[in-house]
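In the form predicted on its own, a lone chain appears below as structure tokens.
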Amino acid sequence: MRIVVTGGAGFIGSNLAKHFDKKGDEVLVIDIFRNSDRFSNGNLKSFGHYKNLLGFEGEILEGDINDKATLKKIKKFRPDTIFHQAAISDTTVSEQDLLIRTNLNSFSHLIEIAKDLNSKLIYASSAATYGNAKSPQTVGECESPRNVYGFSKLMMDKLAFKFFKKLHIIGFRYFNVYGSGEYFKDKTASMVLQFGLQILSGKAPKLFEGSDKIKRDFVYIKDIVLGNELALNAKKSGIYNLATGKARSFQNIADILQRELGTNLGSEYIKNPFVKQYQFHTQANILDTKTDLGYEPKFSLEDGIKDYISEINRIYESEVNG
């Protein structure tokens, strides 16, 4: 296949790019790559990093999906499939104009390219579309995002729905993804990695107060890649949750990490400054994902952290202290 991965130097995008590259597909990565630019909240504007693509043998293009020139190059490549992962994914960003332009408006242009080329389009939505909906969160039910990021993803899903009969288009509502390749997400990297690095530095992991009751559906990156690959052969278009279907607490993460790392540092509890924008319980309903796509998550939280632990150690030694 000829495959385009937008946001291909980012966390999920780079994992997809390297996966299909190793399978022998012709892969074009599109990414703006990181620089020193930051949002008003102080976080980086781009998480794409060349180190995420070490070992990748495909083609790389520095380009912004908001630019017509980049869109023309995607069309010229004539992809069989577009994995659209590029987005502003920071839920605390307040620049609404840039979020809507980057996440929603650019998506409409990619839909037009997919229509013209009859390409499959598989894109990243988000569990942020649900806001504080009661668990288990189900596609089409109680969709009330609490931030502009979640709103932009919900509107992407609504736009995609209009093309279900005309295109092979699959949207994945990712829940809390963790695993190799996320280090360069900086402050927005998963708490699995952040807690792990805190513990390796000899510090007790910092958790929000009440973290034993704050639960999320944590999904390992290898299961995300699995779901995206299964979407290639989907019999119909649709929007699906991509997760484990189980809610685990942030305290669980800290405890599992300490067991794996052989430490007993306890935990430090701090106030949550994001209460008004925060999701306190996520748990995906993945019945349709299983039924329609044949998806079955392979990694529990324990299994995922165990598989990830050597990479967390490498990051601490080579990136943090290298």
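Everything quoted here is computed from the prediction, not taken from an experiment. The first residue of the sequence shown is number 1, and the count goes up from there.
The form predicted together with a small molecule is left out here; the points below concern that form.
Quiz item: Among the candidate residues Tyr149, Phe195, Tyr220, Phe250, which is the single one with a non-hydrogen atom no more than 4.5 Å from the small molecule in the predicted complex?
Solution: Looking at Tyr149, Phe195, Tyr220, Phe250 one by one, just Tyr149 meets the 4.5 Å heavy-atom criterion.
Practice problem: Taking 4.5 Å between heavy atoms as the contact cutoff, choose which of Ile82, Ile239, Leu207, Val177 touches the small molecule in the predicted complex. | Solution: Flagged contact: Val177.
Self-check item: Touches the small molecule in the predicted complex: Gln258 (any heavy atom, 4.5 Å)
Solution: The answer is no: Gln258 has no heavy atom within 4.5 Å of the small molecule.
Quiz prompt | 4.5 Å heavy atom contact, His109 to the small molecule in the predicted complex | solution = No, His109 stays farther than 4.5 Å from the small molecule in the predicted complex.
Quiz prompt | Distance check, Thr102 to the small molecule in the predicted complex, heavy atom within 4.5 Å | solution = Looking in the predicted complex, residue contacts with the small molecule include Thr102, since a heavy atom lies within 4.5 Å.
Quiz item: Using heavy atoms and a 4.5 Å limit, would one call Gly48 a contact residue for the small molecule in the predicted complex?
Solution: So Gly48 counts as contacting the small molecule.
Quiz item: Picking from 196 to 204, 84 to 92, 158 to 166, 133 to 141, which part of the chain touches the small molecule in the predicted complex when contact means heavy atoms within 4.5 Å?
Solution: Flagged stretch: 84 to 92.
Quiz prompt | Ile12, Ile32 and Lys153 all contacting the small molecule in the predicted complex, non-hydrogen atom within 4.5 Å | solution = Every residue of the spot touches the small molecule in the predicted complex.
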